[in-house]
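Take a look at this single chain, the form predicted on its own, given in structure tokens.
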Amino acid sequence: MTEFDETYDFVVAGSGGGSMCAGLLAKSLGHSVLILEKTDLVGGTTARSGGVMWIPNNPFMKRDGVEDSYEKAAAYLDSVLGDAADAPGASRERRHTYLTEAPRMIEFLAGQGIRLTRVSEWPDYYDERPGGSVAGRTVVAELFDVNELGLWKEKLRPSFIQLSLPATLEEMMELPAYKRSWQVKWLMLKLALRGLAAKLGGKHWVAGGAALQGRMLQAALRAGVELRTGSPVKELIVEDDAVKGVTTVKDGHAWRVGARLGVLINAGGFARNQGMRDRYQPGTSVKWTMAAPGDTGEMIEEMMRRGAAIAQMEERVGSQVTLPPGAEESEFKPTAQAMTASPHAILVDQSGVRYMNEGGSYMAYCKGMLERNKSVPAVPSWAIFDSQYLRKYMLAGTMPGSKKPQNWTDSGYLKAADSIDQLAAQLKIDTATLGATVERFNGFVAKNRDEDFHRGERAYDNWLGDWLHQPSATLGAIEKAPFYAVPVLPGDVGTYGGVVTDAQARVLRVDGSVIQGLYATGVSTASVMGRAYPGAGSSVGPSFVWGYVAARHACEPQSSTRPSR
């Protein structure tokens, strides 16, 4: 028998969203909880993200009169995910549990005082499929005054959203159009007044993932969840074929913590581990990721050492990036998500050929780049756009119409030319090929129909584009010199595969048996979304839901957790 240095009912490795949710539920059921975070900051990749959860049939949709149901969401997932035998994380049973428990989890958080809402429109990424929602199934946190955390404020991992104005995620999306819309100008005035009021009132508002995790951290601390930073979990302690606790580090020494009811692993994926990338995701790089620094995969390997099955390891939450000088070393990479989905822009491979719908799911976009690269060099691909684009839209984090840094052109990152032929020459692309590609796309713009890839035929494509541009929010001719190009890479915000878990979030062995006492959630697991990304928040949402399911199963073992419709 192991002699533990201390014992809790429920022990959690990692401090992402699912950890806080699990801790809150366990505490609400009267159990002691310890969350161990290996880095010095709390919140994981969830805190760095937009803080969006994909939650079908959520109570805020009902509040706003937006139609949804279990049946509609199930039809949508069936259409998008199918029944791939090589994606056990997305089994029918797990999908059923997710759709049933996700709205209940949100109601639980609301009951704990977590102030959440929805974005008024954020379409599903395959909204044209059966059951797809144009209004969207997103749930986000309301703005949060991070000063309410007191000394813990400095422990909250910063979000990629760093604005001087206290804007919600939805408001932020409108700001780039401030030069072209009186509506957005009024919004900026409103935000300025909100910022002034915050300054006078001693408030520091944050949005996105920082707001979500700030609220979760505050609620967890108030509930009595114990949380330690700088406390990596080194190994799982196994006795009688069951996980009984973990070995961590305290004051520089090994420290054994017992777990009476179970251990939950929510320690991220392996986005920051190049060796694991080379093994499971060849051709991808840690230099392209925006995952948290602690996303290094050792807990997946530790669970494997204890017999856990793994699946879907080649999948990532792809997020296309463009990297101007110095950006590779930056903690937050400039996203290119909306760039080639905006009017006056396309994506081409290194032969000058357009090969995909530039709208849609960022995961599908990056998978498309890597797949294309197997037959034609496409990593990086080139974003091709004209002066209209540069005047109206953001580029690599810079505002529309702003002067671009001189080192962008000096380094060769930003190519500029007076004609498409000259641009092709700079890119070492056959001039006739690139010219024909641009001419063909401009012909589609004139007909307002992309006959090759159907860009603009679903709501999400147009949502990514420019609501001020008519007749199409996403199709606009590339015709006004100068013409430009920047490289686009298949980046990511994290990996999407890991250990296989069942419908109670229990970790499974290769033979399908349960490793008693061991639960997992987040991107430490093979995702319930399989090999696709159905909508915004398809990794954060499952992290919360399976943390909720795991804590309930561990803390109420006498009751059945198999959900009913």
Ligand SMILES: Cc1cc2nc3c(=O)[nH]c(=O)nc-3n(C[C@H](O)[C@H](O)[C@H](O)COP(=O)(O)OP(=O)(O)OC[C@H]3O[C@@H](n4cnc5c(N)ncnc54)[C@H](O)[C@@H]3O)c2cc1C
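Start at 1 and count along the sequence shown; that's the residue number. Computed from a prediction, not measured in an experiment: that's the story for all the values here.
Here the subject shifts to the form predicted together with the named molecule, a form of this protein not shown in this document.
- Proximity to the named molecule in the predicted bound form, defined as a heavy atom within 4.5 Å, holds among P176, G294, P103, P88 only for G294.
- V493 is the sole member of M363, L236, L475, V493 with a non-hydrogen atom lying within 4.5 angstroms of the named molecule in the predicted bound form.
- Though the partner is left out of this view, P232 does reach within 4.5 Å of the named molecule in the predicted bound form, counting heavy atoms only.
- Contact annotation: K38 falls within 4.5 Å of the named molecule in the predicted bound form, judged by heavy atom distances.
- By the criterion of a heavy atom within 4.5 Å, V523 is counted among the residues contacting the named molecule in the predicted bound form.
- Residue contact check for G268: one or more of its heavy atoms lie within 4.5 Å of the named molecule in the predicted bound form.
- Stretch 534 to 542 is the contacting one of 63 to 71, 506 to 514, 534 to 542, 22 to 30, since its residues have non-hydrogen atoms within 4.5 Å of the named molecule in the predicted bound form.
- Contact check at 4.5 Å (heavy atoms) against the named molecule in the predicted bound form: none of Q320, T340 and A485 pass.
- Residues K38, T39, G43, G44, T45, T46, R48, S49, G50, G51, V52 of 38 to 58 are found to place at least one heavy atom within 4.5 Å of the named molecule in the predicted bound form.
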